[in-house]
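Next up: a single chain in structure tokens, the form predicted on its own.
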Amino acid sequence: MNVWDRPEPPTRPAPLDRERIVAAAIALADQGGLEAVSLRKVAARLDAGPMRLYGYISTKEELFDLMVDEVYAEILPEEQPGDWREVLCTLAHRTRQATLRHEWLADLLGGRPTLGPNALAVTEVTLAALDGLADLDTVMRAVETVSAYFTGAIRREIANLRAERATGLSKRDWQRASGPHVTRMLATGRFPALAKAVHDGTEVDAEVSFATGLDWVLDAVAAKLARPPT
């Protein structure tokens, strides 16, 4: 029996439930990442014995599943957006915003689907928005494509934020520090396309980059949905 179907034990002698456990685990992860989360540390935060938690959660992996599903509640729109494109766009941006609040989520995105009620609700909203617009295989590939884009983009953004903290260098500072090496390499003439990108390219911030890439992916999905079946 998985964690979603297993009943909680009685709360005596001190109040304890999965909601409190998950809230404590998320607080630890927000402060120190997933490596800061253990059943022992969560129990200490709740002033409970570690063995008590095993009545509610069997493994750390189950705890992670519960944490992810809790954050999916933040991703789920309060009101149903408009057409399919607005739905997918809204969910992608809300996923990014939730991950910026809870950076550890980036480490858990993209694997096996979470089966909690909030995650299933997000999936339902996604599929319902595309229902009837194409055959089911096309709909599933569209959902996978959009998900693959925003998962990769979010992970890249979080990786850059972590690199800034680890090195103490902002993106601009890192570019300045790397400038002499890059200049020497480009001067060899071996990388003309890269040189053009470095010298003539326009730099945009992470939010603009995310939104632009998402629009391009959604344009491709729209073209596929508009194509008559063969």
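The term rigid core refers to the maximal set of C-alpha atoms that superpose within 1.5 Å between the two forms. Owing to the predicted nature of the structure, the values given are computational and were not obtained by experimental measurement. Heads up: residue numbers just count along the shown sequence, starting at 1.
The same protein also exists as the form predicted together with another copy of the chain; that form is not shown, yet it is the one meant from here on.
S.K.: I'd like to know whether Phe191 contacts another copy of the chain in the predicted complex, with contact meaning heavy atoms within 4.5 angstroms.
M.R.: Flag for Phe191 set to yes.
S.K.: If we define contact as a non-hydrogen atom of the residue within 4.5 angstroms of the partner, is Ala23 a contact of another copy of the chain in the predicted complex?
M.R.: Flag for Ala23 set to no.
S.K.: Would you check, heavy atoms only and a 4.5 Å threshold, whether Gly201 touches another copy of the chain in the predicted complex?
M.R.: Judged by the heavy-atom cut-off of 4.5 Å, Gly201 is in contact with another copy of the chain in the predicted complex.
S.K.: Please tell me whether any heavy atom belonging to Ala92 falls inside 4.5 Å of a heavy atom of another copy of the chain, as the geometry stands in the predicted complex.
M.R.: Ala92: no contact with another copy of the chain in the predicted complex.
S.K.: Determine the residues of 201-221 with a heavy atom within 4.5 Å of another copy of the chain in the predicted complex and present them in sequence order; the list may be empty.
M.R.: Contacts from 201-221: Gly201, Thr202, Val204, Ser209, Thr212, Gly213, Trp216, Val217, Asp219, Ala220, Val221.
S.K.: Examine Glu61 after superposing the rigid core and state whether its CA is displaced by 2 Å or more between the shown form and the other one.
M.R.: The answer is no, as the C-alpha of Glu61 shifts between the shown form and the other one by less than 2 Å after core alignment.
S.K.: Taking the rigid core as the frame, does Met185 move its C-alpha by 2 Å or more between the shown form and the other one?
M.R.: For Met185, whose C-alpha is compared between the shown form and the other one after core superposition, the shift is 2 Å or more.
S.K.: Once the core is superposed between the shown form and the other one, does Ala163 show a C-alpha displacement of at least 2 Å?
M.R.: Stays below the 2 Å threshold, so no.
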